[in-house]
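In what follows, one protein chain appears twice in different forms, each by itself as structure tokens: structure 1 and structure 2.
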Structure 1
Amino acid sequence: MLSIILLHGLLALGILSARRFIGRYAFPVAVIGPLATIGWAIWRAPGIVDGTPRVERLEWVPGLDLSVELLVDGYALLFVALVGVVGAAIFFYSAAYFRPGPRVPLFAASMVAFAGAMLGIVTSDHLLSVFIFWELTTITSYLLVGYDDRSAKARSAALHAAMVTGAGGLAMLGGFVLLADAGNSWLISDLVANPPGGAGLAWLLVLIGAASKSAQAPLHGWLPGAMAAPTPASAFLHSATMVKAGVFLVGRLSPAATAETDWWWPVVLTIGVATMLVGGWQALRQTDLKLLLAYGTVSQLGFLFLLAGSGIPALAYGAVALVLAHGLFKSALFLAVGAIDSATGTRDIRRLEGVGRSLPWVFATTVTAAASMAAVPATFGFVAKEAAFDGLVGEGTGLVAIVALASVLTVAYTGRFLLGAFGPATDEPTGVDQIGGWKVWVPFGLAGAGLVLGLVPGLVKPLVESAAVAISGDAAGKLVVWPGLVPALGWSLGSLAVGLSLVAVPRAVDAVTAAVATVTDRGPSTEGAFRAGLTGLLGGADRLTATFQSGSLPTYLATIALAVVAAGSIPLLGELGGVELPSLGPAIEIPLALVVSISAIGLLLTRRRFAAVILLGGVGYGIAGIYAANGGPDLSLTQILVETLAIALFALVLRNLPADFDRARASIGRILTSVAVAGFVFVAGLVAVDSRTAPSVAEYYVEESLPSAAGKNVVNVILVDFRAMDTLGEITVLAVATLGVAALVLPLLRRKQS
């Protein structure tokens, strides 16, 4: 599988590199990736379905124990097959959908890169590689949604999607780090086999990341906006694959999360139900076919999220079956909408009339896929939903009733979609351009696959069962054409009947939705919340920039110093109780300390530059004396030499500067900053000295100076041998500083001489 993922990356780079020459062949080249995925899945499926996962490992940074760990079990294989089949179909469709242009290769490269990243998510067993591939899907999605970069709507939608899913990804990364720390492993398989205890915050952060990616309420607002992307991207990313990344993750981790937390399943249930109802209700209000499908996708993602995140084997079985069914019928519907848009120039249901008679194959495709979405018997959508309802019945009447209500909305907006797209013709039906080729046959094939699997579900039964076993340990469900007179069938047919009754009275439904909208639209919306948050973020950034990036060097220094003090003071607070002042050294330290103190105070008060240099030297020479008094003559000599050289350099520069400093009064802020920094350094020094638990490294230097470095001068040996690289760095800094001083001074000297 690693070779397949790398192939996608190489194809993307190759298409980008040859974009000036590849032209119309971009998608025929890009489809090699999905076709290779299908071939790999067929080759490896027998062993994986039989219970032998495919494991691959690539060492990345062995010293840090970082590696690429891939695990393809039945659950991952189902998603791999979905990415490959739907991806190949959409790539063929795209070859006919796009007119040749300079930006088409960029779209093709982004699509194939996304497909590779999605494969990385579903096959990675290492948390960090999951995150890396996760963010790659965010980046490629941003490029695809913002494909029409001349459109402000597309740019805004791309930013919205990237910020919401990107922020969720960062939250998820925090959860991954906490999980790895609690479980002492970065491997998902290890964490699921041995769930770490006391990691409640970690599970919450992971859940936030998954919810943002799968457009769960209240984070769902980015998905309808992402319909600004071209139809192939909407079909591939925002219905069939990327939005299922969160569903995949909660399905993979839910057994461990439910085992170690009491709140995971109730929270997942609440999120899923809210998303189902909000998405279904919003779909009933749409007049744009893509937006209607987008809100329908939100609703169905809520259902998938609820099932996959339950950690209950019977519901997990229904989840994996519905993932497959949803990928087929929803991608077919999006592509059919693209065909309708290409033929008529509109997606507005208020303008479409008589299209079915002009586009019979598109009509047949849409009806077949829509029937699967509404779970009409003899479709795979019905078979999968029956498996899910069968599991829900065992969890109580209340839960299955809520899901049945959401299913009523699904049937209602499916009818709205069909009537809007293929309404009866009037005297002036919508003008239709004839289309054919891949635009017609690709969605027809996907919809037909849903019909075939509805009649012969045994074709995918081994795949669905192995996927369910991989995440729940049990294939606690069944795929059947007719389940018999069981409670699940009653709920399913009941929701279908009520939904069809709503389809029969579209004006009444429109009146109710309009009446409710007059109330709900007054409240905050997800789009409005995002805009307000973005405006506040940018405004806050402007204010912070104006405050801290003022062009004042003292302000910059104060900001850096206070940040160090604030961050460093937190760990010091718990150490102050046991700190003791060191004992007084030799008596000579007292006059030396007075010299240092008086020189430092005088440095603050003097207004003469040359006097300041002399007083600064007094501080250095006083410290050199303290070194000598404590048995460090070599260190003292080094300090004296450095101070002498520094004073000489200062004197050289001061010859060309005014004799006095500018008159400036010290502000309260500067005084407080100075006091804070001084206090922090003093306390940190005391804590550091008092916290020693191992012998001083000085003892090692003294013992090894002669035998290891053949030197009796310990200070010189440290500088030249033990810490030679540090010394080289310091010499380099001094050399650069000297060159800078020379560059400033020499022109002034030449000007003075001339």
Structure 2
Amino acid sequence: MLSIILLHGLLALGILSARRFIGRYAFPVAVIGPLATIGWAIWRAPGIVDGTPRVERLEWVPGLDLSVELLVDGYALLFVALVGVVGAAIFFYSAAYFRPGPRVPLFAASMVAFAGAMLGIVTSDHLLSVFIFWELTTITSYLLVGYDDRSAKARSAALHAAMVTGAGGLAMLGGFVLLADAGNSWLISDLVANPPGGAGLAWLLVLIGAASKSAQAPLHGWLPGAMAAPTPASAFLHSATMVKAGVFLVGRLSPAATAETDWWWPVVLTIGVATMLVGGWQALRQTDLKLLLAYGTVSQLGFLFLLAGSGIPALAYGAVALVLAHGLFKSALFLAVGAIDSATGTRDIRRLEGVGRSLPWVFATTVTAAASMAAVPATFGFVAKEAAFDGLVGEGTGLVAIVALASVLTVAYTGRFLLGAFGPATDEPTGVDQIGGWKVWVPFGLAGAGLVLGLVPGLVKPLVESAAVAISGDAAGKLVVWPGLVPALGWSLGSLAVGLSLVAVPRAVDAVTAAVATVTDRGPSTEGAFRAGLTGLLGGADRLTATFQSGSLPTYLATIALAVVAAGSIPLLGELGGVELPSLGPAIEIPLALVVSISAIGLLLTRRRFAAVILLGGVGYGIAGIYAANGGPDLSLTQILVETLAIALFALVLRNLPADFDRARASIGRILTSVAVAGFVFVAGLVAVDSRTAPSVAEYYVEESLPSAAGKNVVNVILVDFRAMDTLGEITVLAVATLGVAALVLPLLRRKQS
């Protein structure tokens, strides 16, 4: 599997680097990836379905315990097969859909990179590689939604999708880290086998990430916007595969999550039901065929999320079957809409007319796939939904009733979709061009597959069962063409009948949705909330920048000083408890300290530059005295020498400057900052002096000074022998400074003289 994933990466890079001359061959090259995936799946399927997962392991950084761990069990194999089959279909379709152009290879490369990343998500056993592949799909989704980069709408939709799923991904990463920490393993298989206790926050964060990726309410707003992507991308990413990543993940983790938390199932149930109803309801209001499908996808994702996230074997079985069914019929419908769009130039149900007469095969495709979506008997959609209903019946009537209500909405928007696409136009109708080739036959094939599986579900039964066993340990369901007279059949046929009766009265439905919309549209929309959040974020960043980026040096320095004090105080104050105040030193220190303090305070008050120089000298000489009084004769000597030199330098420079300082106003902020710094230094000193944990390395220097370096003055020996390279660096600094001074001043002085 690893080689297949790498193959996708190589194909993407190859197409990118050959984009100037690959022309119309971009998609034929790209399709190698999905075809290889299908080949691999067929090759490995017998062993995996028999219950032997395929494990691949590649050491990456053994020292850090980082490795690529792939584990393909039945559950992963189902998604691998879906990515391969739908991916191959869509690449063939794309080859016909796009007119060759300079940007088409970029699209093909992004799509094939996405397919590889998606395979990575479903086959990785290591949480970190799941995250990396997860974010790769976010990035490729961003590129694909924003493919039409001259459209502001497409760019903003791409940003919306990337921000929501990216933020969700970060939350998920946090959850992964907590989970791995609690369970002491990065491997999903370990964590599912031995679920860590007490990791409630981790589960919540992972759930947020999964919900954002699978467009669950209230984070679903990005998915309809993502329809700005070219139709093949929408069919692949935003219905068949990427949005199922969240479903995939909750399906994997829900048995462990429900075992360790008592809130997981109620929360997943609430999210799923809300998403189902919101998506179905919104789909009933759309006039754009693609948006209608997008909201339909939101609704279906809610259903899948609920089933997969339940951790209940019977529901997991239904989830697995529905993932397959939904992938087939929804991608067929999207591609059919793309075909209709390219034949008529519109997707507006008010303007489409006569499409069925002119394009009979597209009509047949759409009706077949739509029948699967509405779960009409003899389609795979029906078989899968029947399996799901069968499981739901065991979980209580209330739950089935809610799902049946969502199913009614599904049937109703399916009817709206078909009537809109093929029924009479209410607005000025468009003409229909003839189209043919892949654009017609690829969706036909996908829809046909749904029909064949609906009649012979046994073809995928081993796959579905091994997938269900892989996550829930049990194949607690059945795939049958006709379930017999069971309660589940009643629910599913009942919702079909009610839905069809709604289809029969489209005007009444429109009136009701419009009436409700006048109320609901007054509330905040998800798109509006996202915009407001984004504007708030950018505005906040602007205000923050304007506050700190004032251009004033004193403000910058004060900010730095206060930040240091604030950050440093937190650990320091904790240490202050056991600190004792040191004693007063030798008596000679008192007059010296007085000299230093009086000179320093004088520096603050004086307005004469020369007085300042003298006072600075006072500070320096006073400190030299303090060094001398505390066993530092070398320090004292150096201080005196340097101070003298500095005074001379100051005098030379200030000779050229006015004699007085400008009057500077005292400011409260400045005083407070200074007091804070002074206090910080005092506390730091008190704590530091008490914090020695090891003897000073100086003991070694003192011992070795005479024998090794033949010097009695240990400070000098350290500087010129033990640490001579440091001193070389110091001298270099001096030399550079000298050069700098010369370069800065000499030309000016020369000009002044001449």
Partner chain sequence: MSITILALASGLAGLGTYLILQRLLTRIIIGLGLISHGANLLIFYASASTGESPLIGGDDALADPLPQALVLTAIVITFAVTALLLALALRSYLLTGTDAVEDDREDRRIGGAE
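The term rigid core refers to the maximal set of C-alpha atoms that superpose within 1.5 Å between the two forms. Everything numeric here is computed off the predicted structure, so don't read it as measured data. Residue positions are counted from 1 along structure 1's sequence.
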Check: Which of the two shown corresponds to the form predicted alone?
Finding: 1
Next item on the list: Note yes or no: does the Cα of Leu58 move by 2 Å or more between the two structures after the core is superposed?
Entry: no
Note to self: Aligned on the rigid core, do the two forms place the Cα of Ala735 2 Å or more apart, comparing between the two structures?
What the structure shows: yes
Check: Rigid core fitted, is the C-alpha displacement of Trp281 between the two structures 2 Å or more?
Finding: no
Notebook entry, point to check: Relative to the superposed core, what is the Cα shift for Leu557 between the two structures, in Å?
Noted result: 5.0
